[in-house]
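There is one chain below, alone, in structure tokens, taken in the form predicted alone.
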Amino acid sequence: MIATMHRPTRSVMQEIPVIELVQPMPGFPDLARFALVQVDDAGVLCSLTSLDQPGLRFLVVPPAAFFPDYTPEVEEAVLSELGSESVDDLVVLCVLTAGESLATTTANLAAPVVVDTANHRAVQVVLDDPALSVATPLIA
């Protein structure tokens, strides 16, 4: 079974002091604890800041702000691994690769981070969709 991630109906960019990754992010096998920290006043740009490795952070955005048609499908097993009780508790975030400006910044749509805001657990999901890119321009 697959769950489709839709646009959230409430503010998704609440700061979460500690998020536990149920699986490490690729390339960072020893890092499991992050904080979701709001970076801008609008609450769109946030960072996943490592609590295990000072100075390491990933810039993230909710995809709806830039990719309104993006509705990734996540396997039910992923939701079970998160311990999620409701799809309404889930927030999808895209990891950015910062460019010199917004025009050269890209988003990874092929591997979003799914955060359960109820239990503060998360996972980066590698989607099986060849149409999704790891470097989609943030603005067209």
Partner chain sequence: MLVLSRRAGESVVIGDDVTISVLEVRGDVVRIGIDAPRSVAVHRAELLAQLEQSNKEAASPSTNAVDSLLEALRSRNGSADS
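Values in this document were obtained by computation on a predicted structure and should not be read as measured data. Residue numbers count along the first chain shown, from 1.
The same protein also has a form predicted together with the partner chain, omitted here; what follows describes it.
Exercise. Establish, in the predicted complex, whether A32, Y70 and E73 all lie within 4.5 Å of the partner chain, using non-hydrogen atoms for the distance.
Key: No, the whole trio is out of contact, none within 4.5 Å by any heavy atom.
Exercise. Identify which of V91, L82, L96, L36 has a heavy atom within 4.5 Å of the partner chain in the predicted complex; exactly one of them does.
Key: If I apply the 4.5 Å criterion carefully, the residue I get is L96.
Quiz item: With a 4.5 Å heavy atom cut-off, would you call Q124 a contact of the partner chain in the predicted complex?
Solution: Result yes; Q124 sits at the interface with the partner chain in the predicted complex.
Self-check item: M25, heavy atom within 4.5 angstroms of the partner chain in the predicted complex
Solution: Contact with the partner chain, yes.
Quiz item: Within a 4.5 Å heavy atom cut-off, is L51 in contact with the partner chain in the predicted complex?
Solution: Judged by the heavy-atom cut-off of 4.5 Å, L51 is well away from the partner chain in the predicted complex.
Quiz item: If you check in the predicted complex, is L59 within 4.5 Å of the partner chain, heavy atoms only?
Solution: Output for L59 is yes: heavy atoms within 4.5 Å of the partner chain.
Exercise. Counting only non-hydrogen atoms and a 4.5 Å cut-off, give the residues of 99-130 close to the partner chain in the predicted complex.
Key: Result: G99, E100, L102, T105, N108, A111, Q124, V126, L127, D128.
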